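This document opens with one chain alone, in structure tokens, the form predicted on its own.
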Amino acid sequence: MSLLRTENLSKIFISRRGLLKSENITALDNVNIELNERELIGIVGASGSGKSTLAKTLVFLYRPTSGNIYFNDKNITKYKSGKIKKYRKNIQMVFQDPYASLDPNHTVEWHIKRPLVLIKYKGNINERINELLNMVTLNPPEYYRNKFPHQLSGGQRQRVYLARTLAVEPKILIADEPVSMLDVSVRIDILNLLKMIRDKLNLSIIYITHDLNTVSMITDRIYVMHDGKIVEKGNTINIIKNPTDAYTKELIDAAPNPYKRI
């Protein structure tokens, strides 16, 4: 069943050049994607292809210029701010830089406790914090609760931020280049963690990346973006084995052994 889908989604930015001149920049051009329940899809493209703009539009950090976004078959594009807040509880983002995502002045416990307080969590908050830390394999939780971000490794910080997003019990997780700033040895662990969380919590995940190595490891389907458009879509294995679009072929040729882990 479709959980999230877009219909001809477009986003145009206006770039000012002095007082009198401006230029329209089309970041998204009639984009149509679909995410099913418990599915893990990839949005793949080089820098500037529009994939991060798509992610930020899906969570309403940007409002679309035109087109529609459907969540559970409800068109949320025209929602007012109050309903948008409720929608955002269901769709959370994990960003590229785990250090920039966390406040250096606060502990791990504070970061995870804050969303629980905001949603007025009715259970035992201390137990819930421990549960979330265990879920992202930061154990024993007592060791990490009073740590500050600078005392953690990049992989540990990304796990903390992931625990923070899971605290509000979203239905969809958007992971925007979540491993690109991590050591190679840590990347597979984080990707496997995303898959484990998807299965454990019945989450749907959109994984955004330029890296065909990682997208081939974890996704069910992929959408390839170029210049704000979807140029190819389908089953991950089929596309990596038999790409039809010239741009997809370029991405595959540029990646070292993109098929090696399938």
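Numbering starts at 1 and follows the sequence shown. Since the structure is predicted, the reported quantities are computational estimates derived from the model, not experimental observations.
Just so you know, the form predicted together with a small molecule exists too; it's not on screen, but the next bit is about it.
This chain lacks the partner; the member of 236, 213, 204, 52 within 4.5 angstroms of the small molecule in the model of the complex by a non-hydrogen atom is 52. Taken together, 25, 47 and 62 are fully in contact with the small molecule in the model of the complex: each brings a heavy atom within 4.5 Å.
This chain is displayed without the small molecule, yet in the model of the complex the stretch 39-47 from 215-223, 193-201, 64-72, 39-47 comes within 4.5 Å of it by heavy atoms.
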